[in-house]
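Have a look below at one chain only, the form predicted alone, in structure tokens format.
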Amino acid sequence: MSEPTFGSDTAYRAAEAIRRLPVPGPWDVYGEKIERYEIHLNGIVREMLRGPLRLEGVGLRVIRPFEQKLGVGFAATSDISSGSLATAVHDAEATARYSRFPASKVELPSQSPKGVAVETVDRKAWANPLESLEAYVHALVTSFEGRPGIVPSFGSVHLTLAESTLANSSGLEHRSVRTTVDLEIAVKAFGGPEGRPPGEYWVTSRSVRLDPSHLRQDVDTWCQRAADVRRAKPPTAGEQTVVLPPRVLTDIIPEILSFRLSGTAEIRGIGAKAGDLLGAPAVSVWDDGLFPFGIGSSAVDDEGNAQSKRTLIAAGKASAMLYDVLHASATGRTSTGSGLRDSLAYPEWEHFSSQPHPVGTTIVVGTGDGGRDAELAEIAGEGIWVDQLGYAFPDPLSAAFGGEIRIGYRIHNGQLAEPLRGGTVGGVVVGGLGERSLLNSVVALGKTPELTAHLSCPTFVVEKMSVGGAD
């Protein structure tokens, strides 16, 4: 099946103009043509419709040798006229004269790999973006009907359609498309004779498709969580067994592992080495650039190199790292197809304004034999089931994280008990030799994976995690 298209040739036109100037290689130019649609809610009332918002732009990178190192210059513009592109070239060249990267040379790919297919787009949403978005929001709003005392206080759904083109001085030309859906909604529970303040449960998610098929079930869960917040109490402090589902781990694992297992960390001297013990024997981790409907998936990366499935941790031991062309050259490796213009921490709806760097796509943690949720609670025995952290504050440099428990549940005698709120959970994802960490403290992994933004993983049962609480 052929890919949908705007018919964009943004990078190709820019590359032709750059060749006419002329500009010596190596250089590459990344172009995007984007449409964005947004619906904002005030309660269940549609407050605002925005779109289509249209944006077209290019990012130009030039690479220049300088005293056994490389000068890397970059400039971006949403004006692709010849005059604006000439200014971008001037600015990129000027930056390259003052930047230094610890590599002596770089080779950009000359042709895109053939025969690689990966699903990156919601075809129905691409064909009828506004109708698809309105149908999704209608399904979302109607899922709240008939729930006395529980309402969405606000919300928004954003649908972005993007077509990317890439060209470079080696003759490569490549085109790709993607769709992205961003959902944010706050669910508020109030009322009742007990006089407690309202409880609120916030939902944020990022995905490739507008899929309303699970909305009714999801809203059931959100409403129950909001009601539970009203009667929740702080947890007990101390080291405890903690259960972490994928929706919590997605704010912890991808950003930290994507950095610590990359060429960026390696040239800073803090990257893992092959064979380093990073996790329990049950823990294996991949970065899968071809994961179906993964946010970071694509046939090639943003430098034109082939994406693949890369083993990062095998049975608890570091196996491989992520490289773009620059970091691969600096470390004597080859690119792993990990040169992307995305950010796991601060994702933008446009990518052309950022340079490529080594970053993860979909971090995949292998499943285990811990069973489903009820069986994982039995394994935990006594502890805390964390349903949501306010924010985990992942720090790639230290590999540390920690956040407030917005809603969780005490585990008593292997079953979920009363709701908890407040207190904190934290630690490090990967640590030094002998240091306790999230990955090396895993005692069980669930059998069912869930895709949440840049992470596909099962639920974790982790022993002796640090919990701050009422005492």
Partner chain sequence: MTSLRDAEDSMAHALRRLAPHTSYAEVMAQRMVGHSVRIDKSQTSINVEPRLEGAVFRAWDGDEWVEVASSGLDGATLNGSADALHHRLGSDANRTPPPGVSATGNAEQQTHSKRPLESVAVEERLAIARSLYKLALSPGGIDNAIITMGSSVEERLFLSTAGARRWQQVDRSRGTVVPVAMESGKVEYDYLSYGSMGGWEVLDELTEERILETANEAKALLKAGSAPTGAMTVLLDPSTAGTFAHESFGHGTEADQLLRDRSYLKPLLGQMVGPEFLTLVDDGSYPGGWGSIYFDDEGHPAQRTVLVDHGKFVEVLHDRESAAVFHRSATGNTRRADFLSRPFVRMTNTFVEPGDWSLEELLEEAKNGIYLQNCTSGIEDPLGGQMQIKVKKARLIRNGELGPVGPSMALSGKVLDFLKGIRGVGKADVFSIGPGYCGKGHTDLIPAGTGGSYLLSEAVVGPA
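All figures in this text were calculated on a predicted structure; none of them were measured in a lab. Residue numbers count along the first chain shown, from 1.
Below, we refer to the form predicted together with the partner chain, which is not included among the displayed structures.
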property: Pro212, heavy atom within 4.5 angstroms of the partner chain in the predicted complex; result: no
property: Heavy atom of Pro419 within 4.5 Å of the partner chain in the predicted complex; result: no
property: Residue contact check: Ser297 to the partner chain in the predicted complex, 4.5 Å heavy atom; result: no
property: Asp220, heavy atom within 4.5 angstroms of the partner chain in the predicted complex; result: no
property: Interface residue in the predicted complex among Glu107, Glu382, Glu375, Glu200, criterion: non-hydrogen atom within 4.5 angstroms of the partner chain; result: Glu200
property: Heavy atom within 4.5 Å of the partner chain in the predicted complex - the one residue of Arg225, Arg175, Lys188, Arg310 that qualifies; result: Lys188
property: Within 4.5 Å of the partner chain in the predicted complex, all of Asp91, Asp395 and Gly423 (non-hydrogen atom); result: yes
property: Among 49-57, 440-448, 407-415, 23-31, the region lying within 4.5 Å of the partner chain in the predicted complex by heavy atom distance; result: 49-57
